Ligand SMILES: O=C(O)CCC(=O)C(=O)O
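One chain comes next, on its own, written out as structure tokens in the form predicted alone.
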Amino acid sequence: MTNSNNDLSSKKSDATDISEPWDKDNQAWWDWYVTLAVNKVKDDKIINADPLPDIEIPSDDQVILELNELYNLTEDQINFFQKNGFIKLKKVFSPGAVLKLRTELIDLLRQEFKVDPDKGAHERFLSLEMIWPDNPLLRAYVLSPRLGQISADLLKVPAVRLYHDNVLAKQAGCGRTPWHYDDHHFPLDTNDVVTAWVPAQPTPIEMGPLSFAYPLSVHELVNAVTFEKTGTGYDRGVSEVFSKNNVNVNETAFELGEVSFHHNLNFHTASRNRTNRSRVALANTYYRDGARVINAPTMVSGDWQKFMPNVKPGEIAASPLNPICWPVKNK
């Protein structure tokens, strides 16, 4: 199936012409992107999140062993994903592995942004990408055979590569993430693309977990909605179409260790974080081995060459930063 990255809008104007490549950094991209979401008046108070569980944290070696173990998917689960474009799986990680991940991600965010993401209502969406090459522990989470195997099985492909990792922290009070599908963001010529979204804490509704529209085919309902690079028109337009067509939306809490997987054509959003704790997640995107970069990446693809250095439009997407995560090569 051909990727539809070039079909973001049918009409071109200064507000809708996104053909120019992104020329700023990753955090600037997210600061821009969250402005595209409709946000209601903030008349709801920030509430206290429940304390994190007091449990034993495993060693690095124990985590690596855990992440090398495979996860048994059923045919029903694979069929659910194929039909709906998303699935939430419980106990993908142990509680200790999740809390160890959170500590590491909070430390990285603190170092980068010189702020404690969990202190105060900063109301910002913080992001870090490409952390795995220089961090052995995070490399185990990102290149996890378990996540790679689940992704390949859900997509029904023999092998998957990593596109990139993404540390996402929606701080206390931060507003909605706009309705979107990731086909906008990945300049790949395939729809065999899936993102594993790993919340690094229990994530109740009040914290703004991902919400998924389904079935997968609902993306066809909003093909005529024109993407705009400023304002909230696209987010509002998608929401209105979904409401008019009574589209189903899954908005449920995430247990500790629960992970979601969503297809690049699955429309999803996330509500405001109304708790005093940052909603931290690690999002890893995997794609079918053999895919190529599309001929004309746009600004919505962000700094894609950071993830695929020295790969040009039209070429096979297979740089040293896009290792095969499944199947695991015999050493």
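Residue numbers run from 1 along the displayed sequence. Worth saying up front: this structure is predicted, and the values here are computed from it rather than measured.
There is also a form predicted together with the named molecule; it is not shown, and the following applies to it.
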For this session: Using a 4.5 Å heavy atom cut-off, state whether F227 contacts the named molecule in the predicted bound form.
Result: no
Problem set entry | Contact flag, A283 vs the named molecule in the predicted bound form, heavy atom cut 4.5 Å | yes
Exercise. Counting only non-hydrogen atoms and a 4.5 angstroms cut-off, does H122 reach the named molecule in the predicted bound form?
Worked result: no
Exercise. Should L210 be counted as a contact of the named molecule in the predicted bound form, where contact means heavy atoms within 4.5 Å?
Worked result: yes
Problem set entry | Heavy atom contact within 4.5 Å of the named molecule in the predicted bound form, the stretch among 82-90, 248-256, 195-203, 235-243 | 195-203
For this session: Using heavy atoms only and a 4.5 Å cut-off, determine which of Q171, S151, T177, S144 is in contact with the named molecule in the predicted bound form.
Result: T177
For this session: Have a look at E104, D118, E129, D182 for me and say which one sits with a heavy atom within 4.5 Å of the named molecule in the predicted bound form.
Result: D182
Problem set entry | Within 4.5 Å of the named molecule in the predicted bound form: residues from 239-269 (heavy atom criterion) | H262, H268
